[in-house]
Each structure stands twice: as structure tokens, then as C-alpha cells.
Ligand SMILES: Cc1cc2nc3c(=O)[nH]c(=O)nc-3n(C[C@H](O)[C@H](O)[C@H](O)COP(=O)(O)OP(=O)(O)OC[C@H]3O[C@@H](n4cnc5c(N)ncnc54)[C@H](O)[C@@H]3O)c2cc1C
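The chain that follows stands alone, in the form predicted alone, written as C-alpha cells.
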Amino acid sequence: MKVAVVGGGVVGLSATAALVRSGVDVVCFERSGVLMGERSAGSSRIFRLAHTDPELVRLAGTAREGFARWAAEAGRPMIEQSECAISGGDAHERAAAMDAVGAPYEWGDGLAAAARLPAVVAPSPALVDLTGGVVDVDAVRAHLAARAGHVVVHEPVDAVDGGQGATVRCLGGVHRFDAVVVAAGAGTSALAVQVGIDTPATLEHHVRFTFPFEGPAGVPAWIDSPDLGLHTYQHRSGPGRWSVGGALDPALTHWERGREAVAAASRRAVLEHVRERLTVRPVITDSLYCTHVPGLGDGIEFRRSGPVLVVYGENLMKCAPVLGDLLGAAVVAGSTPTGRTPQPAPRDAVS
């Protein structure tokens, strides 16, 4: 069997690695010269079991086992297990979903984990996901590149056709395959529609900012959705680094405003938040730009048209090992995994 994977982000690359491991003849097309360099960019991302849908809690738990397998294969940790605090917003719904599957967490006022956060006032009450933490994206990238980098072709794909088998067209010509997996991030919609699959096409600009941080390793990651003020996700992103991303009003982040205008608005909002509510020094030392699809929250969707299997969603980094295995098995079997589309929280942050 010959399979093409379109997209060298974390999901496409993990699917490619799973297919390589199964002995499938696979080629991964990545339009940039950097693996996991677009929506999987950065050196760190939050890992959590805390979702509002029990099935997503289970999926993240299985992914946690996958990260442990990758860590054993690579000989280096993939997740810094520092816990993850959730405050405000849908924290009660996340606790209920974790209860439903027996996932470990703490809930209440004055939790020790919440008190360790770099907050002027510790959030209370809070949910603390005891198996949460921070994904070492650089370690994931290095591991997947070692497993699948030899089958990656750095060329943009212009077209996908699911008739008479499957074809992929790029600068190097038209290539025929038995099946195609499209996991192209922001480019997924334009390719999927060519085989009759409609996926969300609207994008938003997003910027995460990093500040000097004097706290120790092991400080919990934090997702905060207060009744008033900026909804944020925050985490230690390396020694001496604390990263903060904010969910601005969609009117300030929509695509037509342009990257520079959204970055400026995000910078103002996040700096104001840091000055008023955090104990980190309000000096931006780094920033990370990415795009995301508004309104998907933690949803994951799989769609098929003949031999073409499409996957899309948000916040997929934390489930990458299990998504790669699911896609690898499904493309060989000609099946379609079940998608999960819970209702997102208002102004859900990229986390």
C-alpha cells in the first residue's frame, strides 16, 4: 500500500511515523522547510486531561501513554509533569468529565498548586489536573523527525484528487497513491474542498508572549477564564521563561485585520494583564505567532471522501500520539475514526 500524508505538523508527522512503523510505503509532503513549524510551532505546549467531554479526557489519557512510549524510545522526557490549574469558565464541567472517567484531579479553595502560580492573587476555587503539565515540543519534533524525517518531501501540495485511486499534485508533478491523509493545518480546508469535504475555513491570528520568570521548575500550567478580564493560558516554557497567550475579542483577531494589527492588540492586552494580575516582570522577551480556527475549542473531526481521509481541529498537540495511531490504522483499513466536537467555552483560548 502506498500512502501520502499532506502536512508535516505534529499530527501529520505522528501519522507518518505510525505508518512507517507499520511497514507502509508512505510519503509526507510538507510545504515549508521546517517540520512542525507552523501551528505546531514553539518549544512548549500545555498538556492536560481536563476537558468538558469525557471521551476527550479518555483520549488525552491514551495520548499520555503514547507520550510515555515516545519518551522511552527517545530516551528523553516528552512532558514536564507539573500539573495544570483550571480556574473560572467551564472548570466545573471539566471536573465532571474527569469524574466520569476517574481521571485524577483536585478541586477547591486554597489549593497548594494554585498558590504556586505567579499570580498576584491565587485563583480560587480552581481545578488542578494532577497529570497535566507541559509538552516539550522540541523533544517531540526531534523524535518524530528521527522516526519519519527520511520520508518527508518539502514541497507544497497544490491539489488532491480522490478519483481513480488518489493523486497528489505538487511542483514535482502528479503522484499516485492508494490513500491520502490530509493533516495540513491552515491549508486543510483548501485541499479538502477539492474532494467534496467542507471544513472550517475561517482563520484567526494569535500571538503568545514570553516574560522573564524567576520561579522554579514544576510550577503548574494555568488556564484562566475569569468573569471579567482576559481569558489566558500560561505556562513555564523553559528556564527563566513564562509564556502567556490571551483570547481577545474576535473583533480584534479576525483575519482581515492583518497579522501586525492583531499582534499589536494582543501585545497591549497581554501586557496589561501581566502588569495587573501576575508577579512576572512585564517585559516581553519573545513572541510566537500562529493561526487557529475560531469556535472549534477542543473539537477533533475526521472526514473521508473515498481514499482521502481529512483530520482537523484545535489544540491537537496534546493528543498527537493517539491521533497518529488512529490515522495510521484508519488509512490502512479504509475506515474513519469517530470525531469529537464538544461545545467550546466562550472565547476559548488556544491551549
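Numbering starts at 1 and follows the sequence shown. Values in this document were obtained by computation on a predicted structure and should not be read as measured data.
Heads up, the form predicted in complex with this ligand isn't pictured, but that's what we're talking about next.
This ligand is not drawn, but in the predicted bound form it has no heavy atom within 4.5 Å of D325. Among heavy atoms of D53, none comes within 4.5 Å of this ligand in the predicted bound form. In the predicted bound form, this ligand sits within 4.5 Å of a heavy atom belonging to V6. Mapping the unseen interface onto this chain, L316 counts among the residues with a heavy atom inside 4.5 Å of this ligand in the predicted bound form. Residues I79, H143 and P216 are none of them found to lie within 4.5 Å of this ligand in the predicted bound form, as judged by heavy atom distances. This chain is displayed alone, yet in the predicted bound form one of W242, F177, Y233, Y105 has a heavy atom within 4.5 Å of this ligand; that residue is Y233. Just one of C290, L296, V27, I284 comes within 4.5 Å of this ligand in the predicted bound form, counting any heavy atom, and that one is C290.
Comment: 205 to 213 is the region of 81 to 89, 264 to 272, 116 to 124, 205 to 213 lying near this ligand in the predicted bound form, near meaning a non-hydrogen atom within 4.5 Å. Residues of 148 to 162 placing a heavy atom within 4.5 Å of this ligand in the predicted bound form, in sequence order: E155, P156, V157.
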